[in-house]
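Given next are two forms of a protein chain, the same chain in both, each as structure tokens and marked structure 1 or structure 2.
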Structure 1
Amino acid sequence: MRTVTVGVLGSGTVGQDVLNLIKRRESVFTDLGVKIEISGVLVRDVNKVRDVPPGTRVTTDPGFLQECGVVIEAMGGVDRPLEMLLPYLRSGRPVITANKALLAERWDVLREYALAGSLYYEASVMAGTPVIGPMSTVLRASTFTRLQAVLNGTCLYILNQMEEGRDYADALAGAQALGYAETPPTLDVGGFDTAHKLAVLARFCADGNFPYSAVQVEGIEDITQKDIQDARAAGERIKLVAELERDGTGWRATVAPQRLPENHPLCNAGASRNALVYEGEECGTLIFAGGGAGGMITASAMVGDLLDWVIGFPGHVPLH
């Protein structure tokens, strides 16, 4: 039995569920000959009440990172986690993250570690619904042509509420009251969260160096009840769609509201869930749909990444 020391950055909803799921799956790790030991959990306030396994060491001191074999990052943000993770990555140790903003905006720094197999980030797009794994492995044999996706649960909720008759401001307030949308909610409703995720996906099927700045972004803030009703009258629904397709010799990546037929996969398979339609010459059309947010859903992918690392699988390698 070998001991694997794990450090966790952040103990919000996702961080707490990661810790609880590791404990819940203890027997799976044992079957692999591994005992997981949590070296520490970095938090801002050690006195905050948390739902974590008894005896979990929470601290404001990141010094425990030095003794970890692997780090799970669940703190969010861009520059602060990058500052903490870079020395760790440079030492050749792996990082598991769901941080799409970090991956999208600091790819120039992180790509070499992804190419080395040191970055695991299935949860960064569609949380526990696996899309990065297939795109980074078996789908490489197929010639990619196009993808369309609904990748933000807040926008999905707001547009669904507007279809039920609520105006935009009221639907947004409801999303904030339920904790779906941040305050301010620009990252979600402005389309930037979706753009982060599209940039991450593009590096597996279009260009391994695809820049976040190349994504054209339009949010849902200007959608009105009239827009919603006009679409429904035409047998269509409005979705915030991430799209990647050929544009001459390059690629065009956009995030914008689109009117889609009611029988489109993003409208039926993804009626109240995240969904992605992947098109390849050889594989044909593939549809992925499922939960794209939530603590335990996201934790399931992050702990899955931890299991992959324990078994010996490399992280998610972009196109060379």
Structure 2
Amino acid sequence: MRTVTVGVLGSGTVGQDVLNLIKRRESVFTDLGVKIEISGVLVRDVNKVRDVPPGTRVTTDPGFLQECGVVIEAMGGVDRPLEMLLPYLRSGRPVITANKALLAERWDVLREYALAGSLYYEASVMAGTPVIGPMSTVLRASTFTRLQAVLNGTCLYILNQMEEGRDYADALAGAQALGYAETPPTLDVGGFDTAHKLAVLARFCADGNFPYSAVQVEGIEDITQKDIQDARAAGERIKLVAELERDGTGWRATVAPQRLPENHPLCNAGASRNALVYEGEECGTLIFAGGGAGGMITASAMVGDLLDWVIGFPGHVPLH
């Protein structure tokens, strides 16, 4: 039996469920000849009550990172996680992350580690609904033409709740209570989280160096109850839609609210569900749909990434 030491950064909505799911899947790791040992969990406040397996070492001292074989990052932010992960990545060890802001905004630094197969980030887009896996593997045989997607659970939840008559601020508070929203939630409602995710996806199907700054972004803050009811009266629904398509010799990437017909595939996504319509010349039109926010569904992708690493699969390699 091989012992793998895992360091976890963050024990909030996602981090706690990662720890619980690793514990729950103990026998699956054992079947692969591996014993997972959590060497430490980094937090800001050790006195917070947490739902984690008994005996978990929760600390504000990142020193434990030096000794671990894999790091799982579920802390959020950009500069702080980058600073902590870089020395670790430089030493050739793998990182599993759900942090699309970090991936989108610091690709200048992270790309080389992704190309080397050291970065695992299925959870960063559509949480536990696998899209990065297929886009980084089998879908490469087909010529990509266009994608259209609903990628943010918070906006989806708010717009759905507003359709039921709830006001915007109350609906946002509901999304925060469910653990869907980013800190600060402007990242969600301003469209930036969706733009982060679109930039991550674009690197698998359009351009391996696709810059986050190339995404044109508009959020849902100005959507009123009247806009929503007008759309409903016309048999349409308002969604925050991410789109990526060819534009001459380059690519056009946008995030903006759109009115879509009620029977559009992107309208079938319920509460926190995300959906993505992928078009390729040879593969035709594919639809991915499923949960896109929440602790356990995100943890399922991160623990799946850990299993991939244990089995020997590389991380998610973008286009060269």
Ligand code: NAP
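Here, rigid core means the biggest group of C-alpha atoms that superpose within 1.5 Å across both forms. All values reported here derive from a predicted model rather than from experimental measurement. Residue indices: 1-based, along structure 1.
The form predicted on its own is represented by structure 1; structure 2 is the other form.
After superposing the rigid core, the Cα of residue 182 is displaced by 2 Å or more between structures 1 and 2. Aligning the rigid core between structures 1 and 2 leaves the CA of residue 232 offset by 2.4 Å.
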